[in-house]
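In the form predicted on its own, a lone chain appears below as structure tokens.
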């Protein structure tokens, strides 16, 4: 029987050392506050492909591998919620062939994620797609629904994928639905003698729309607001992403293009958060 190649033994040894060192560093970091929710604007896939003279689509494939790594590091250090900005509503204004190309890639990556069962089961990941899903191509929408259904029983960690999403769509939609809820409740009270099932009285209903009324109708109302919002490639624009939810969170813009994002970007982002933690908490209390 042929002996095992030295390169294979060395590779496994180095991998074990790397995991041990990572575990020790994460244990040390856990002595400080760990963000509950990190959101990512995945910027730079195309520039990465251009930088390395790769074929069309190679940047997005590299970006998917980077996403898997970033998710692993976030979940290992104790982050419960990770949100990624996958496709903006504004992107539908691009050329039809370009939109279709992105839809095809998205469908491929959703199917690819479902094959990563080892990571999904190890970290107990529940996948949620956030946005106006009716705008998606049917194959993409069906794949998204399949991913949500397949992970619906997981509650340990969450991956929120924002597709067909912008804050300028989310906020007016929440206002409209909050108004509809208020007017519907008032109408029901009037039709039932100012009382619904003996629980709600007309005196308890007013025309004022409160923040809590809006937030429960937000797409992102299913999870806490992000503690860190990361945009790769050094850009500082929010690009119509989580404008309502990011008021009091840390903004972090590493220079790495998205496919270059990995362990150290996650570590430095959390260390920056820990350094600013008490200031951010003070701002939240003042809000």
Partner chain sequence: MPRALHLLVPNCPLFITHSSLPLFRRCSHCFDFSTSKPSSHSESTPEEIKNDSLSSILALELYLRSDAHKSQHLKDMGVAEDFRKTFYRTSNANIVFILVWHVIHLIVRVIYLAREVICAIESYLVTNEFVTTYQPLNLNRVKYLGIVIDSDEARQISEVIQLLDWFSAIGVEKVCLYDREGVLKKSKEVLMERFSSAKLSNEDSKIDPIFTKTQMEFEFVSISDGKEAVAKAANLLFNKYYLDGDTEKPFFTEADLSNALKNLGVVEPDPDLLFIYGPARCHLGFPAWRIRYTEIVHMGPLKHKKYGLILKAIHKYTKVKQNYGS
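Numbering follows the first chain given and starts at 1. None of these values were measured; they are calculated from a predicted model.
One more form of this protein exists, namely the form predicted in complex with its partner chain; it is left out here, but the text below deals with it.
Chemist: Among the candidate stretches 69 to 77, 91 to 99, 116 to 124, 136 to 144, which one is within 4.5 Å of its partner chain in the predicted bound form when only heavy atoms are counted?
Modeler: The contacting stretch here is 91 to 99.
Chemist: Can you tell me if residue 37 lies within 4.5 angstroms of its partner chain in the predicted bound form, counting non-hydrogen atoms only?
Modeler: No, residue 37 stays farther than 4.5 Å from its partner chain in the predicted bound form.
Chemist: Is residue 149 close enough to its partner chain in the predicted bound form to count, meaning some heavy atom within 4.5 Å?
Modeler: No, no contact at 4.5 Å.
Chemist: Using a 4.5 angstroms cut-off on non-hydrogen atoms, would residue 253 count as touching its partner chain in the predicted bound form?
Modeler: Yes - in the predicted bound form, heavy atoms of residue 253 and its partner chain come within 4.5 Å of each other.
Chemist: With the partner left out of view, is residue 48 within 4.5 angstroms of its partner chain in the predicted bound form by any non-hydrogen atom?
Modeler: So residue 48 does not count as contacting its partner chain.
Chemist: Only counting heavy atoms and a 4.5 Å limit, does any residue of 263 to 283 reach its partner chain in the predicted bound form, and if so which ones?
Modeler: Read in sequence order, the residues that approach its partner chain (within 4.5 Å, in the predicted bound form) are 268, 271, 272, 274, 275, 276, 277, 278, 279, 280, 282, 283.
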